[in-house]
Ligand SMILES: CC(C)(COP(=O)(O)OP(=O)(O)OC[C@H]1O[C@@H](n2cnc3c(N)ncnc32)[C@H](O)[C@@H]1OP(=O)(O)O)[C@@H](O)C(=O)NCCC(=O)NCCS
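Only one chain is shown below, in structure tokens, and it's the form predicted alone.
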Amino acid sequence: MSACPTLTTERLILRPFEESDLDAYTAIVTSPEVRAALHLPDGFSRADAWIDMAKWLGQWELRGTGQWAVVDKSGGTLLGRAGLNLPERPDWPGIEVGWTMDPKQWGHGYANEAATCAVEYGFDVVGADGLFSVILPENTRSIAVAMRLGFTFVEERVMAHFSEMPHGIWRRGRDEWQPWPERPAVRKPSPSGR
């Protein structure tokens, strides 16, 4: 059994990554748009995508945070990933809410819906006092999602893992997390995690 729970929203299933996701996930993270947004090297490969999926599953096991495979509830298509990230980096601000969606799915609100679920999970289940998003200033689409989620800009910081340019650090506190009408309904995980 995985430590990664399975959650649902109105249109999405957020579940642990599975071996069968590898081809679709590789296509997403090697797309020119995602490689540019995340500054992934041109040589980012299927093997790197597999390591990425394993990293998220491992983080769920070790820290109770990680990213979910985001799947379309109606058709079962892998749309991307979203969730919570707490890497072992000395200059990391805290638990990050992050998302990466298939460029073919951009503009449909999936990142917002999945990230909203991650924010709720971070506050209600993980018990975080504050959540962060770490976004390169050129990534205007992700900045727009963070702003829709109520995150506010805190600072620009050059991160040790990526010294080429500063990242914007965005934050939302638990005391600011209030339900609002457009917030998708989230079903809590069962005790079995499924």
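Numbers follow the displayed sequence, beginning with 1. Keep in mind it's a predicted model, so treat the numbers as computed, not measured.
Same protein, other form: the form predicted in complex with this ligand, not shown, and the subject of what follows.
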I'd like to know whether Arg174 contacts this ligand in the predicted complex, with contact meaning heavy atoms within 4.5 angstroms.
no
Distance check, Ile135 to this ligand in the predicted complex, heavy atom within 4.5 Å:
yes
Might Leu84 be said to contact this ligand in the predicted complex, defining contact as any heavy atom within 4.5 Å? no
Check: Looking in the predicted complex, any heavy atom of Gly107 within 4.5 Å of this ligand?
Finding: yes
Assert contact_stretch over 150-158, 30-38, 58-66, 122-130 against this ligand in the predicted complex, heavy atom within 4.5 Å, equals 30-38
When this ligand is considered in the predicted complex, the residues of 114-150 having a heavy atom within 4.5 Å of it are Val134, Ile135, Asn139, Arg141, Ser142, Val145, Arg148
